[in-house]
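Next up is one chain by itself, shown in structure tokens, the form predicted on its own.
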Amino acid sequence: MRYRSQAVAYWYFAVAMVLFGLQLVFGLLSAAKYLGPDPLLNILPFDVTKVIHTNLLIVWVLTGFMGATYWMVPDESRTELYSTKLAYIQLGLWVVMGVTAVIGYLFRYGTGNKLLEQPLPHKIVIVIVMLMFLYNVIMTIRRSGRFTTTEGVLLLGVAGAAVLYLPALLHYENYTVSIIYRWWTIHLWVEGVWEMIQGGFLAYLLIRLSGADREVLEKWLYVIVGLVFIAGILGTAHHYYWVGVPQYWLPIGGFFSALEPVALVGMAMYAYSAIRRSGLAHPNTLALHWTIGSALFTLFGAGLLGLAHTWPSVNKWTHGTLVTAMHGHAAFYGAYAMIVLAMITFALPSMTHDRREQGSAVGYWSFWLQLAGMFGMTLSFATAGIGQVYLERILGLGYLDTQLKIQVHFLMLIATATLFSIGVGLFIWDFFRTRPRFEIVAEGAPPAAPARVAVT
């Protein structure tokens, strides 16, 4: 750890790990309900567990993004964070918002707007937290006088995420209008500005881990940002297919959604080229596994599987089925969960006692179990979804009759999800098993006594 204020990142990562674990609990509970009988039907029905599962995903990933930013920006700007006090207040507000929102979902206190179920008071707190976060990061960069392209792409993604949350504050009586503006937030987050955040972290990690030339990697970043803007924005139209909008959205959505994987191909290529140039010389090979894994699994989950059912002629059958769950699980995990885990794995040796930089056996078991488990979950959703499309949408069987016939696939889903959960459990245990230490250590130097640094 080169700057004392980077210690803030540890507590964000710790909160993210707890929320990640809770997300898996509610995810497994939701999957088990497909098998029945459900003894918790009147206490925790499927609609409640699913809402908590999906919202915890958003919250823990954003918590990880904030922690990773508070680690990366001081390192890139070569200065202490502008205000650690503000960062801790921000974290406190964020945790209170998240906990009370989850408790509210248990009592059905929410808007019912998928992935944006937070009540208005919670949404206002989210806006306040994002403004505090942006202010702290911008002031840190401004005070340092050093501004890298990697920081610029990250900041553009973070600022874009904040701005695009504003449509979520408004209420629309018309359902079609409500759906359109909901995707202005959700789609343009996960298939737009969040990809910039991922690209910024990916570039930072590759520069640190591979020793690749910064100028070359940052040129790739410009390409990715350009593709995200071109394809990601107009690609929002693939969510408009069946909500009552004019028909011209069909070719626009189909064409530009098909272009979205190009940015992901570019991301995977620039990760591969960086490693090919420099090899695996950095001792933190576990962080390198997560970094390259994120680029490749993003290409698979977000790119290939997204392309598989984005065409209107295919999507009219697969929309709203388990095929969507197939794409969603693999895409979110590869693009955002894995890049957060990569940043945590990179930063953790500098923030904890007695941790080998190259990673532990537990860390590698966690990596491979998660990868195998998520791949198995993806196949489970795919086979169940294809069966659902054929039986329900083509043969015309009723929804519940179809669910009974594809129930066997949920046995495989539970098995592979359990494997994935064991991997996540190992990661969480590996995170907390050693005490944190917040000593400033110069690059290449052994640990030294804590230095006194004045931090606002």
Partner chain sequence: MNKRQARLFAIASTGLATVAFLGLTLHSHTKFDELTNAQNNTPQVQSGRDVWHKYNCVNCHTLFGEGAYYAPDLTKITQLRGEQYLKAYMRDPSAFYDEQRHRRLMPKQNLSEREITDLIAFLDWVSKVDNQGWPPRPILVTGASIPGTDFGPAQGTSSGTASTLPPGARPVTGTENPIALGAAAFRSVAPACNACHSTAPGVNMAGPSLAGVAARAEELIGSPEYKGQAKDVKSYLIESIRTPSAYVVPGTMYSADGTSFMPNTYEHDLSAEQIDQLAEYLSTLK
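Computed from a predicted model, the values in this text were never measured in an experiment. Numbering follows the first chain given and starts at 1.
Just so it is clear, the following notes concern the form predicted in complex with the partner chain, a form of the same protein that is not shown.
Proximity to the partner chain in the predicted bound form, taken as a non-hydrogen atom within 4.5 angstroms, holds for one residue of 122, 282, 355, 182, which is 182. This chain appears without its partner; in the predicted bound form, the one residue of 143, 85, 219, 78 with a heavy atom within 4.5 Å of the partner chain is 219. Site residues 223, 236 and 243 are all in contact with the partner chain in the predicted bound form, judged by any heavy atom within 4.5 Å. The partner is not drawn, yet in the predicted bound form one stretch among 284-292, 110-118, 342-350, 124-132 has residues with heavy atoms inside 4.5 Å of the partner chain: 110-118. The partner chain in the predicted bound form comes within 4.5 Å of a heavy atom belonging to residue 227. Although the partner is absent here, residue 149 lies within 4.5 Å of the partner chain in the predicted bound form, judged by heavy atoms. Taking non-hydrogen atoms only, residue 265 never approaches the partner chain to within 4.5 angstroms in the predicted bound form. When the partner chain is considered in the predicted bound form, residue 418 lies well away from it, no heavy atom lying within 4.5 Å. Residues 171, 172, 173, 174, 175, 176, 177, 179, 180, 181, 182, 183, 184 are the ones in 163-187 with at least one heavy atom within 4.5 Å of the partner chain in the predicted bound form, listed in sequence order.
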